[in-house]
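One chain comes next, on its own, written out as structure tokens in the form predicted alone.
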Amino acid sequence: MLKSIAKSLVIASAFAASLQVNAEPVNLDELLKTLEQGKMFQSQENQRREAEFKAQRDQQVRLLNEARNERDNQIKLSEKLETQFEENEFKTADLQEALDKRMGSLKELFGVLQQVAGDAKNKFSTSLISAQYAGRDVVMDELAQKMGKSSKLASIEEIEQVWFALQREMTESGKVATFNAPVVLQSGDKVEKEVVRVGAFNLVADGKYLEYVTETGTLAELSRQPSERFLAGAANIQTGNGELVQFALDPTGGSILGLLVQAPDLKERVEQGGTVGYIILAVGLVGLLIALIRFVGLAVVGAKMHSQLKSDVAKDNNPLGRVMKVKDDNPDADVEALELKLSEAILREVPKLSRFLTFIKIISVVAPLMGLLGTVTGMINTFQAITLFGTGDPKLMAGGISQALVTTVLGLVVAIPTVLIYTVLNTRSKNLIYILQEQSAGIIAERSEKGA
């Protein structure tokens, strides 16, 4: 239609152009002739357009008839397929019923086989025996999936394969086996090593415990090994030639061992106490150092005093000698004057004998108070963590609780021995003072007897 309109416009333009070109004055005959020629040309164009329109109309009618025929054919095909589908459903139901009857007890057997294969797959995927015999869980998983499809049946070989795998698991659980396998070291390197498997419980190599990474099916050294007494057994079982050795067995297959190695050691415990914990330890160390010095000093002084007791010659290297020397320095003094001089000499010696003992006592009192301070600060940190993150993750509160408990323990660890040491040193100091007072009383009594 647009094409016809465009052609009409072109013809009209040509006619207008011809009129413009022939704009020169013409007579009426020429004008009539020109109009007649234009009318004839327009009539021919209309006839051509009409013929073209009829042709297109016939073509559309033909296409419409073809589409209707195609629709009718598709409707017939759809009805035929629906009928066939319903017939197939009945046939499928009949065949399924016949299959169920023929399967009989075998269907129950295959259900049990599917369940056993699934359980075996879960068992094998985490068993340490899979480190030596890899791929067992994949086979069991494929068999379980196959049994889950009613269209496929298990063969005798596949059924025997399940039995063999279960029997191998039980047999290997009671063996100490040695095999070579790649091991990921703590440094990240993977090297081939001789691995000793103790049943389904532990794996060791080069005297170190290994873990079986089930996700990747690889062996790796534990990031932290247990204490030396456990490692000694691991080394012995690898070097022993069938001999009985002591070995730390983890019956859970590595769970308890994993928790054991994750437990913090003494250094990490102390670090959990934080700044308060270090201060408590520093104060305790100072107290122990002072106590050691006083213990040695009192021991030396006590030995010299006991030596002085066996001698009549007063010496200046011990408190008793210095007190006895008062008698020698005042041979003519009366009893009262001598008593006063002896009391003065004893008072000069008492501070030396009890030096720093009060400081040790103060430490024994302050240490638990500092532990209490650490407890309070730790609980404050705990409540701050609860305020910020809630109580959903206990690990966020563990730091504050650990600080509270560790500082309390450190305070008691410092206070308890400090109290005992103070008691011992104070008793020893008082015993030496008693000796001085006793000897002083004897000197006064002796002078009194001489004066009488």
Partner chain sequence: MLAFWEMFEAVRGFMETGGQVLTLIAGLIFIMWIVILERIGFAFNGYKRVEKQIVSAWNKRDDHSSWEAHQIREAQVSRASIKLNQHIAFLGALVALCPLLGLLGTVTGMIEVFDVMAISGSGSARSMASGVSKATIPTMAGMVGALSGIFALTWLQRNAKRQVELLEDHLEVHR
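Numbering follows the first chain given and starts at 1. Everything quoted here is computed from the prediction, not taken from an experiment.
This protein has a second form, the form predicted together with the partner chain, left out of what is shown; the following refers to that one.
Heavy atoms within 4.5 Å of the partner chain in the predicted complex belong, among the stretches 31-39, 421-429, 59-67, 44-52, to residues of 421-429. When contacts are defined as a non-hydrogen atom within 4.5 Å, none of Ala144, Val270 and Leu357 contacts the partner chain in the predicted complex.
By the criterion of a heavy atom within 4.5 Å, Glu339 is counted among the residues contacting the partner chain in the predicted complex. For Ile386, no non-hydrogen atom is located within 4.5 Å of the partner chain in the predicted complex, even though that partner is not displayed. Contact check for Leu259: a heavy atom falls within 4.5 Å of the partner chain in the predicted complex. In the predicted complex, the partner chain lies farther than 4.5 Å from every heavy atom of Val195. For the candidate set Val116, Ile346, Val335, Ile290, a heavy atom within 4.5 Å of the partner chain in the predicted complex is found for exactly one residue, namely Val335. Residues are counted as partner-facing when one of their heavy atoms sits within 4.5 Å of the partner chain in the predicted complex; in 404-428 these are Leu405, Val406, Thr408, Val409, Leu412, Val413, Ile416, Val419, Leu420, Thr423, Val424, Thr427, in sequence order.
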